[in-house]
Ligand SMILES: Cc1cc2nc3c(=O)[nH]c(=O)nc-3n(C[C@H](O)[C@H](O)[C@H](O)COP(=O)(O)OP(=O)(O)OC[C@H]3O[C@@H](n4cnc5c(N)ncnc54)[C@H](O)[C@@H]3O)c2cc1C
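Take a look at this one chain, the form predicted alone, written out in structure tokens.
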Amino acid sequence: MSTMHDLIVIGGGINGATTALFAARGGMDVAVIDRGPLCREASGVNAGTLTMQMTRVALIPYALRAHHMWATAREWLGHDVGVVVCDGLSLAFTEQEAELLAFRAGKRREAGAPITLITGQQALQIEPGLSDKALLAGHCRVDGYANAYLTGLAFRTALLDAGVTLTENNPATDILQTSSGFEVVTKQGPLRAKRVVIAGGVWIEEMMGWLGIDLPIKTLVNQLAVTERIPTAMRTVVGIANGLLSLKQYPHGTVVIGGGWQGSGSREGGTCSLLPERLVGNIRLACHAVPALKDARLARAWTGFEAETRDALPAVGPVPGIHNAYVIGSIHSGYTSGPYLAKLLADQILGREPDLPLFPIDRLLKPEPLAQG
């Protein structure tokens, strides 16, 4: 009979890996299962942006604490993940965008984000490479980005150092409830544990179905692109008021262009592809915001899945009606907030009181139909 772990985490992205790490450091025997290499799905193909200006208002307190975790990753993760902490700017080029920016910045500021509104000319003083056409900008000193590839390598080393059993390239296909906990069926054979965490990104809906829970998860297919190395064009993270742009230049000179322009694909097939006309639109917007990018050459472009719940707020907490089963995922701008939310979930699993409330999924489940007769 296989080993009985204290906890199995299904999904080795930022959410699952962080939950597993803190649970293991809290004394649990933990195993992590992933359908591919660690942190190479959504957590490996995103732009690594750490920003308050694209974070949902309800998540601002969590994002601020998570940003501090990213900034001190070497201390708690034990390894460098290429984090750069810098200023962030969100630009408005039209009166309509300016109105939207002012409203959203005000709400986020009320929630604790240190965002101030400045003129386009003031934004140019902070970031000289910007277009001079901006009417208004949101300025936040708590911003930055991490290197998604280095993050995966760092989590792998940290998890192994903490004694976590890693099972990669091994898709889970079912979860069975047993008298002693759970048996997770995988391609390489079953694993057993007293507790289970479902952290499977866009595949959370299917995994919850194994437990008889109907949790609808929307699948987004985000497009990103990176340029060849160019001279320094920007030192801040740059976005736009409507959220359709995210720009940052890495220290070695490449510029990552993102912002949620959608590609095509589905989680059922497990594949996604670029839509060239939308990629071109994203690049044109980037060049409009930072004119020096017009001289850059595109090195490559790619797509990646992102999960979202019905209300665009996270699914983090216990699975209703199933003792010792938990879920974490569907966190908008999840790279920013993920580590802190996962730490909170680990605290609850370890029997500690989380510092901030979780986001239980009861609100997202369909009510049971009333019995007839």
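Just so we're clear, the structure is a prediction, and the values are computed from it rather than from any experiment. Sequential numbering from 1, following the sequence displayed.
The same protein also has a form predicted together with the ligand, omitted here; what follows describes it.
Chemist: Whether N170, N222 and Y335 jointly form a contact site for the ligand in the model of the complex is the question; each needs a heavy atom within 4.5 Å.
Modeler: The answer is yes: all three residues contact the partner (heavy atom, 4.5 Å cut-off).
Chemist: If we take heavy atoms and a 4.5 Å cut-off, which stretch out of 285 to 293, 95 to 103, 203 to 211, 118 to 126 is in contact with the ligand in the model of the complex?
Modeler: Heavy atoms within 4.5 Å of the ligand in the model of the complex occur in 203 to 211.
Chemist: Is M69 a contact residue for the ligand in the model of the complex, using a 4.5 Å heavy atom cut-off?
Modeler: Looking in the model of the complex, residue contacts with the ligand do not include M69, since no heavy atom lies within 4.5 Å.
Chemist: Can you work out whether L313 and the ligand are in contact in the model of the complex, taking contact to mean some heavy atom pair no more than 4.5 Å apart?
Modeler: Result no; L313 lies far from the ligand in the model of the complex.
Chemist: Would A24 sit within 4.5 Å of the ligand in the model of the complex, counting heavy atoms only?
Modeler: No, A24 is distant from the partner.
Chemist: Answer with yes or no whether R35 is in contact with the ligand in the model of the complex, where contact means some heavy atom within 4.5 Å.
Modeler: Close contact exists here: in the model of the complex, R35 approaches the ligand to within 4.5 Å, heavy atoms only.
Chemist: If we check the ligand in the model of the complex, which of the residues in 250 to 288 reach within 4.5 angstroms of it by a non-hydrogen atom?
Modeler: Residues within 4.5 Å: none in this stretch.
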